[in-house]
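The chain below stands alone and is given in structure tokens; this is the form predicted on its own.
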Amino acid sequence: MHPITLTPTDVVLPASELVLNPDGSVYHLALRPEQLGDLVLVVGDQGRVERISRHFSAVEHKVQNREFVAHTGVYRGAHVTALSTGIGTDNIDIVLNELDALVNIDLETRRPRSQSRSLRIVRLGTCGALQEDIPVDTRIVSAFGVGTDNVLHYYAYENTSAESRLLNAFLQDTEWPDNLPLPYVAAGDAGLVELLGHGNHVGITLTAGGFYGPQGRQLRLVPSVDGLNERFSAFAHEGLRCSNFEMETSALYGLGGMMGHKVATMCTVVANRLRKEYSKDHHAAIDRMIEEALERLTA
């Protein structure tokens, strides 16, 4: 996914658009540029930040504002930030724009920098598998994110040919219902997907706008489209299957790609939706994912 255009470097961003705190930090994340690592590990759960930073040889900075918790420190000589995003693509919209502002906007002059900087941003999350042969407690790396939310429709972008092929096939093969938002497709960074995907499952990730109805769960309320998950599980494209449901990857991939950052998602499978199974010890499985990701990303 690429931006159709970017804000020119001579534009001064007003205080109402680029909102900063009194100490010069970005509004929601409460971080200043010097407090951000080159590798950013994003997690939904605040508690997972400490599960990452406890592996650091030194923690240099900690901050919390609302649901956003950040620990920046050193792991094997690399400066790493562990950051909680909360749940959903709406929060990813906040996180990606503010991370990008920290490295690609001069916060004093309020102008975009002429030379852009690319971060590595990797989501370490949890998900529900959409394939019966993917066991709980294993890991899935997302080659593509298919957004069934609507965040990216508010940005001016164009798809790559691979993204367009996948989107067209997905709409046709799933007989996409007219009453649901039009999906969008964004690819992860190929190098990171290859690095993290070795020995793990690699597939197409569906990003939902909610946990219950948007993922086909039925409690008291009945989903508007019956059997949609079965259509997803049956879909395959150019050697990849629809592997899992989660709630952040499509916006991470779309916004990250447009901003020029290298992005990827690795998720621990805590539920298999077809087999109706849930992990008996997902915390231990998440810890294994964190350790593997840290080792591979700092090697």
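Everything quoted here is computed from the prediction, not taken from an experiment. The first residue of the shown sequence is 1; numbering continues from there.
One more form of this protein, predicted together with a small molecule, exists but is not displayed; see below.
The stretch among 182-190, 167-175, 68-76, 208-216 whose residues place heavy atoms within 4.5 Å of the small molecule in the predicted bound form is 208-216. Though the small molecule is absent from this view, in the predicted bound form it lies within 4.5 Å of a heavy atom of just one residue from 39, 63, 258, 270, which is 270. This chain is displayed alone, yet in the predicted bound form one of 131, 126, 229, 118 has a heavy atom within 4.5 Å of the small molecule; that residue is 126.
Although the partner is absent here, residue 247 is a contact residue: one of its heavy atoms lies within 4.5 angstroms of the small molecule in the predicted bound form.
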